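This document starts with one chain, in the form predicted on its own, laid out as structure tokens.
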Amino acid sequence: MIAELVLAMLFGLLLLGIHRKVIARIQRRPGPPVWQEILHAAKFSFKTTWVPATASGALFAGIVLVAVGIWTAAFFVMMTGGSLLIIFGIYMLHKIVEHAFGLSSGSPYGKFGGVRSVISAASEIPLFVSVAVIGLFTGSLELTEITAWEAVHGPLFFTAFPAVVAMYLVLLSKMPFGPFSIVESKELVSGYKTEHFGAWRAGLEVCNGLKTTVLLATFLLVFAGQLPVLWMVIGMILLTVSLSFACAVTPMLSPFDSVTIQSLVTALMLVYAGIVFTGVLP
């Protein structure tokens, strides 16, 4: 499983490189090569590593290990067909990790990035409403049982399309340079990542690669069912390209607008969940 973990990390970084390349081409720029994020991770591994004088040393270094650890756990849960609730619980836990990243450095940019990570957590409530809708349809939150249900009844992509849209917006909120990327806006330099450099930044890149693979693969598993490996890879690339297009043509929202839009989506999803629960929809 270690080999699969390394491949998942590298593939996630490659997807982030594709993301940057697609955005650049849409905006009529050459953009970096698609393997640029892999090169970044390798480059930072050999850079000088330090802890700023204003940082909390144990938290500054330890939070990197926590970030890699939780997404490693999420990857193993996904690979073993475990609970969807655990995966997305880890996703929400990542918000606390982002907050700790920002506070640990003592940098004002990091602190603002950490505060915005908490604000953005409030804007991602559609995630759990979508999970509830999936549970109502399939009667389970175990990935193995969800895919088994889809093998009999067909993909949830068609059965629960509003949940697909809500979950897609959640994925969009985690892609760099997107409309909901308020924790990485330009006025914050690199946000909560500003002061992490060297091996610490390389660890963060590893975390980003794992996170990207886990979230995109879980989306396909839940809404398209169990696919052959080749089709899963193609699906993740196509999903990345669609997210990149949305990021390229949509301006970054303010924190207030980001929360407002996601709150409206949550309200609509609650209405949809109520309709499904009462049996109005099959």
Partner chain sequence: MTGRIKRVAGRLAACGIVACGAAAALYLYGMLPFWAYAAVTVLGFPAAVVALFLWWMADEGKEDIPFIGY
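As the structure is a computational prediction, the values presented were derived from the model and not from experiment. Positions refer to the first chain, counted from 1.
Although it is not shown, the form predicted together with its partner chain is what the next lines describe.
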property	result
4.5 angstroms heavy atom contact with its partner chain in the model of the complex for residue 247	no
4.5 Å heavy atom contact, residue 69 to its partner chain in the model of the complex	yes
Residue 163 within 4.5 Å of its partner chain in the model of the complex, heavy atoms	no
Heavy atom of residue 238 within 4.5 Å of its partner chain in the model of the complex	no
Every residue of 49, 199 and 210 near its partner chain in the model of the complex, heavy atom within 4.5 Å	yes
Partner-facing stretch of 28-36, 239-247, 60-68, 215-223, counted where any non-hydrogen atom is within 4.5 angstroms of its partner chain in the model of the complex	60-68
Residues within 4.5 Å of its partner chain in the model of the complex, restricted to 1-26 and counted by heavy atom	1, 2, 5, 6
